[in-house]
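The data below hold one chain only, encoded as structure tokens and taken in the form predicted alone.
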Amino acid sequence: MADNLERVPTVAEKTLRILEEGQGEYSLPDPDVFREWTARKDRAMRPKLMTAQEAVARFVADGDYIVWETNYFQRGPSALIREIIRQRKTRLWAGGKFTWVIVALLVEAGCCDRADMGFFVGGPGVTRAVVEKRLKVYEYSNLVMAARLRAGAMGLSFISVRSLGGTDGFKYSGAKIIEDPYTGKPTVIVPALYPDVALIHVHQADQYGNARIFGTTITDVESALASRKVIISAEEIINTEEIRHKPGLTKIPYYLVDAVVHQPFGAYPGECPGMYASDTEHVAEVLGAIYNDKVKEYLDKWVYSVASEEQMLVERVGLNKLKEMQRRATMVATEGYRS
């Protein structure tokens, strides 16, 4: 039977061929450099609770590449994003899926000058920033951005995907088309992603960073595994004994996490499934601000005029609205998971 098999060429006989290359920049996908960084991280089980102000000041530096899960309307780390804007971080490179609302806010605030976009709309402010060359945009897709983070989580320098090739987006990405060394057919490869900072909002966490997420996820775990620094914001801080009682519910382990922020309504104005629904009036307001080129006014009202998220929730939203959002939650995601 072996006599009927085609002999596989040796490495010396076959050279990998690059057939086409996108023109986009990309951060260096070197797994050895990332491994050296993570090898120096403190793996001890130490308390990491701090305020959003402290977490952003300590772990988000000017020029960092940041990713977040998921977006401004569904369990996104919106409070952390607003704190980054409030602290006026600069030269950030943003990457993620469904990113356009957050990117629009970061660009108007002068925080972001490069973006890997899985889904791009942007509005007049972002369009103007691109035309004026204050923002460079590199196109991928939601799926491909998720694949890049998975490659980083796996310790690879690139990953093969069955999409993006033959599109206009390919031209403005860091992707390449190569001759598959196994089949000889064209295949697309994209660079792995090793962000400087991952911002992840979760349902529950303990003081050490063991985090629980209930319901649908995208690349929360991959982002935590692939990033140098991880900031968790949590609706609830629970006892570590509860984590130990049901360890299978832990999605992100403590040793990946650098900071834990107790941030009730941290996904506002979006929803946190099972805990509260979105503020539909606010969602319409931010979308209107982006489409009507009034993001500055939006930021003045919701970010710059308050010193913290807590002040914003009290003075701009109000307890009655927050309770109404809780009543509209469609499921109780944490029910049955209590000790």
Partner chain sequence: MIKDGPWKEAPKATTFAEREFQVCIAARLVENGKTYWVAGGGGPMYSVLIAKKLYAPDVVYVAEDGVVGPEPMLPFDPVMTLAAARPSYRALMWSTMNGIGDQCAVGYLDYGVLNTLQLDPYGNLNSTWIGTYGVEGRRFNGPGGADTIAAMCRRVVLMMDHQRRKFVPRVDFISSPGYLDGSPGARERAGLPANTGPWALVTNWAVFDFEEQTHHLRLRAIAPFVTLEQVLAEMTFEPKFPPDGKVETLDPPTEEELRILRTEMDVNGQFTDTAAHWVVWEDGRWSLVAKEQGKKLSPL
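Just so it is clear, the model here is predicted, and its values are computed rather than measured. Residue numbers count along the first chain shown, from 1.
Separately, the form predicted together with the partner chain exists; it is not shown, and the next lines address it.
- Contact between Gly110 and the partner chain in the model of the complex is not found at the 4.5 Å heavy atom cutoff.
- At the 4.5 Å threshold, heavy atoms of Tyr291 reach the partner chain in the model of the complex.
- The shortest heavy atom separation between Gly169 and the partner chain in the model of the complex is within 4.5 Å.
- Heavy atoms of Ser278 reach within 4.5 Å of the partner chain in the model of the complex, making it an interface residue.
- In the model of the complex, the residues of 30-59 lying within 4.5 Å of the partner chain by at least one heavy atom are, in order, Asp32, Phe34, Arg35, Thr38, Ala39, Lys41, Arg43, Ala44, Met45.
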